[in-house]
Ligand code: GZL
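In structure tokens, the next block holds one chain alone, the form predicted alone.
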Amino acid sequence: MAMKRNLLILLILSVLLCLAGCGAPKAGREAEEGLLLGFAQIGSESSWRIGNTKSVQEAAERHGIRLMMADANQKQENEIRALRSFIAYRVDVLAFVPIVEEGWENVLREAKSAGIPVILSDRMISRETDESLYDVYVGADFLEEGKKAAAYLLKKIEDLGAGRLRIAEISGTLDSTPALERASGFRSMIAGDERFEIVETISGDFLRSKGKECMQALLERHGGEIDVIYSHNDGMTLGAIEAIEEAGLVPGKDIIIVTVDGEQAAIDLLREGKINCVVECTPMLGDAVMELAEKLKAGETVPRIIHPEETVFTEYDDLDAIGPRGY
């Protein structure tokens, strides 16, 4: 009888210890001080993206914010999995870069049910998504970037005295906000202007290697009928320039090059005359993300949309005045 009683006591103690162990992350999490931010990044596909990640990491350190960071390796399912792990860990604020616009509703509802504020960084989600599922977007005005790219070409065609410019567009990841809006903004400026023709749009997925492949395919299909390359990011542009030079053409002269981002490598090629226009899209969003996270944790109201100040660098500018880019 005594043995049974002792076994029962041991069983109860084991259960209690198990429950205590299962509850340890929660207890430890609540005992930790300071804001905990879960940040899901889409990958490290370019110098821009690496600079964006570095900006977030360094800003978190400056602000004294504890950072849980995940790299989705260009896959939406990995990003959703990371967000769910952050929710399970009960982070104070979620921030992520949506690789595409669609498919976030379920995980965002889970975050809302858990009472966790959400920051969209660098890219937006579908405008048809319930706006109550996220608190703020911080990142570029991609429509404006597309308009700036077209504005340069409007000036360029006047200076050239050319009657017509045939444009090949190397777009970013299909269904991503930057690809959709950089295309839309660009077209809004040249729509109905018979001096411009977009001969083809092809997706390079924001990757340098694919940018080169796209350019090779464009040259095969259109030969000498391309006057302009409008590329949605510098990574693809660098790949495209490799293909142009391998074909025996001179980038910046035989083909006008318009690109978006402002990486150091693109600015260097602008100085060399191999790129004609660089539309800035800064990756330095870290401090803005941290400031928003602090306000959301404190229950403060924040703007729905925050755009950083960005500019355009062209062959017409004093290029010696451009400082180091940092990415």
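In case it trips you up, residue 1 is the first one in the sequence shown, and so on. Small disclaimer: the values here were computed from a predicted structure and weren't measured.
There is also a form predicted together with the named molecule; it is not shown, and the following applies to it.
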Does the named molecule, in the predicted bound form, lie within 4.5 angstroms of each residue among 178, 206 and 281, using heavy atoms as the measure? yes
Heavy atom within 4.5 Å of the named molecule in the predicted bound form - residue from 122, 169, 135, 79: 122
Is there a heavy atom of residue 237 lying 4.5 Å or less from a heavy atom of the named molecule in the predicted bound form? no
Although the named molecule is absent from this view, report whether residue 39 comes within 4.5 Å of it in the predicted bound form, heavy atoms only. no
Is it the case that residue 142, even though its partner is missing from this view, gets within 4.5 Å of the named molecule in the predicted bound form, heavy atoms only? yes
In the predicted bound form, is there a heavy atom of the named molecule that lies within 4.5 Å of any heavy atom of residue 45, even though the partner is absent here? yes
Quick one: find which of 153-161, 208-216, 227-235, 188-196 has residues within 4.5 Å of the named molecule in the predicted bound form by heavy atom distance. 227-235
Could you list the residues in 102-121 that come within 4.5 Å of the named molecule in the predicted bound form, counting only heavy atoms and keeping sequence order? none
